[in-house]
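Coming up are structure 1 and structure 2: the same protein chain in two forms, each one given alone as structure tokens.
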Structure 1
Amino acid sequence: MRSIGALGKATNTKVETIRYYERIGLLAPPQRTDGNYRTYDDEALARLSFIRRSRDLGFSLDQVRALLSLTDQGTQDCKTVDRIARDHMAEIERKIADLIALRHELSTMIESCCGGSISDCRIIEALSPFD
């Protein structure tokens, strides 16, 4: 059994975040000490680690919730898990493509600036309409 601060350190999570996860029902309310302090067992540690790892991989809290409930059921086949992961992957691909297009536009813009006065700066010009 460990305190919320210890759990936070073990999972690299702020205390407020852990309380937030509890509030939105992602973590079950843990046992309390006599002094009303939360105490967490190893299962809670595992669950929070799972959440954090999923978050690090960019899954939304709703996706994490779905993954958790699927693992809680346990018996079913993993098609749904697979689909969640693939959907997420597709979104990542889209974001990468968007950002690469953006980078291209930005670099063109930046390279055209000759470092003179704002009135003829190409960056500003590129942002302005009617040019």
Structure 2
Amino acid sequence: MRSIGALGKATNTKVETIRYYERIGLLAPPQRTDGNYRTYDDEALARLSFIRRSRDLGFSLDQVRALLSLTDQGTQDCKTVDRIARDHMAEIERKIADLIALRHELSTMIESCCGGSISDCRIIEALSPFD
């Protein structure tokens, strides 16, 4: 058994985040000591590690909740997990495409700058609202 601080340290998770995950149901309510301190077992450590890894990979809380639910069931095939992962990958690909377009637009603005005064700056002009 470990304290909330030890659990946080073991998973690199802030104590407030652990409490939040408990409030929203991603982590089960922990056992309590006689002094009413939270205590966590190895199962809680494994579950929080799963949550952290999923969040590090960019899965939303709803996606993490779905993945945990499927993990808890354990008997289904992994088609649903595959679909969640593929949907997430598609979202990442959309974000990458947006970032590439943003980089191109910003590069174009930077290249158009002649290094004159602010009143003639093409970057400021491009960022200003149109009349």
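By convention here, residues take numbers in order along the sequence of structure 1, the first being 1. As the structure is a prediction and not an experimental result, all values here were calculated from the model. Here, rigid core means the biggest group of C-alpha atoms that superpose within 1.5 Å across both forms.
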- Task: Determine, for this pair of isolated chain forms, which one is the form predicted together with a further copy of the same chain.
- Result: 1
- Kindly check if the Cα atom of Gly25 is displaced 2 angstroms or more between structures 1 and 2 relative to the superposed rigid core. no
- Note on the structure: Here the CA of Gly115, compared between structures 1 and 2 on the core, is shifted in angstrom by 3.3
